[in-house]
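We begin with a single chain expressed as structure tokens, specifically the form predicted on its own.
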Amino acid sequence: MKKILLTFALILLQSQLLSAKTTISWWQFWTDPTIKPVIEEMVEEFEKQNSDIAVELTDLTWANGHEKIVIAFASGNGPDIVELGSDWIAEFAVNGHLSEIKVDDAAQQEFHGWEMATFQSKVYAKPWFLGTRVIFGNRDLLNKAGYAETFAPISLGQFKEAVYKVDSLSKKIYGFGSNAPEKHRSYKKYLPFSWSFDAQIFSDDNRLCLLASDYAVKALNYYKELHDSCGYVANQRGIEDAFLDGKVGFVLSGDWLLKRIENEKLDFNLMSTLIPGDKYPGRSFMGGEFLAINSASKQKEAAQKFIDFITSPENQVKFCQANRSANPSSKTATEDEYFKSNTHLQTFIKQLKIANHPPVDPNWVVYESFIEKAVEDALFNGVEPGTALLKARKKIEAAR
């Protein structure tokens, strides 16, 4: 009888200990078989270091993850922590779904990307991983076009000249990979050129839409010239396929191309460089993945503790090594030998320091579609760049 009572007491004690444990839910998008185990290892390590906290992991997909988050927040069943793309933050913050994050001076200095999580002067998410685009070139084609092994175009003039020279090598060789209309991609190809021409989407005080300024029109004309005269036109994957097959001289792409070259064990003479500017390197596009806390969460302190753990420099390096990616938000992480020893990763890290992000606006996805339609009309539908951008500007003004 005593043994039975003792056993029952132990079971009861164990049950009480388990019920005392705080459980936080996290919705995230990293389901790739090379990355998911690393995510799970980090969760396990956090739980080991914090025995009073358990983390429930839920996977989302880019196909329908946004919709699931919208429904969950609207129904009051959202997770404690959610991974958000940078252009979603304002959308959820304006509806009161995200908890404000207090950022001290140390965190402000350590992490890039806070400005993308700041809406109406409040910070609503912590930067995790950032993303940008750089210029990749085929070094062998550049050599055939008469360029030295160390050449990299810095100015817009140098870049156009190099594109034309590579394009003239053969009828089967194209100078530049130009995107076909592709949702959520087309604007990311035009905006780096627009920013490099010193164009802005909105005025500094955010009152005026400047999408059809002389600078912006010049940028779209420049992009159209590359497209019309030297462009290999396809979707992003098609452009990269042609580039890696030696058919295209230059492409504008992200760090996933480095990962592909490595995974496919391709012997490719790659050149990477910053987006060209008027006289010096220009501005690229910047986005990122952020971690936010549900304003309705009852476990905000535990949630913040987990976010701080998984965004630590050590864990960012671990993640980037597994993902073969280039853009941690942590400045300390970028000093790791993994990044410092790779020239192409360094290109991305340097480009992030001179990259712009779209405005933090709840309606950005709507504005984005207008910009993409303007680019599509100018490149494929015979509309003058100035007319296309003016039409987009009027639509944006009407939507604000």
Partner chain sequence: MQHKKTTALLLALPWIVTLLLFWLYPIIYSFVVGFTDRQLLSKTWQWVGFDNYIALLSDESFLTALKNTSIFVLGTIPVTTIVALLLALLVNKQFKGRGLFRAGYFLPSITSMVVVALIFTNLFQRGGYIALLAEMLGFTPPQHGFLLDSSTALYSIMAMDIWMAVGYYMLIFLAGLKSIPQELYEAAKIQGAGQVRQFFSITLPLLKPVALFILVINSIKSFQVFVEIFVMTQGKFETSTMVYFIYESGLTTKFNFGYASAAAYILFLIVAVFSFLQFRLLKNRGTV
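Predicted, not measured: the structure shown is a model, and the values here were computed from it. Positions refer to the first chain, counted from 1.
Just so it is clear, the following notes concern the form predicted in complex with the partner chain, a form of the same protein that is not shown.
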{"query": "Stretch in contact in the predicted bound form with the partner chain, which is absent here, among 174 to 182, 311 to 319, 275 to 283, 105 to 113 (heavy atoms within 4.5 Å)", "finding": "174 to 182"}
{"query": "Among the candidates 35, 57, 54, 70, the residue which, in the predicted bound form, approaches the partner chain to within 4.5 Å (heavy atoms)", "finding": "70"}
{"query": "Of 139, 133, 324, 97, the one that lies within 4.5 Å of the partner chain in the predicted bound form (heavy atoms)", "finding": "97"}
{"query": "Distance check, residue 227 to the partner chain in the predicted bound form, heavy atom within 4.5 Å", "finding": "yes"}
{"query": "Distance check, residue 92 to the partner chain in the predicted bound form, heavy atom within 4.5 Å", "finding": "yes"}
{"query": "Contact test in the predicted bound form: residue 266 vs the partner chain, heavy atoms, 4.5 Å", "finding": "no"}
{"query": "Proximity of residue 148 to the partner chain in the predicted bound form, heavy atoms at 4.5 Å", "finding": "no"}
{"query": "Whether 232, 391 and 395 all lie within 4.5 angstroms of the partner chain in the predicted bound form by heavy atom", "finding": "yes"}
{"query": "Contacts with the partner chain in the predicted bound form, stretch 380 to 394 (heavy atom within 4.5 Å)", "finding": "380, 381, 391"}
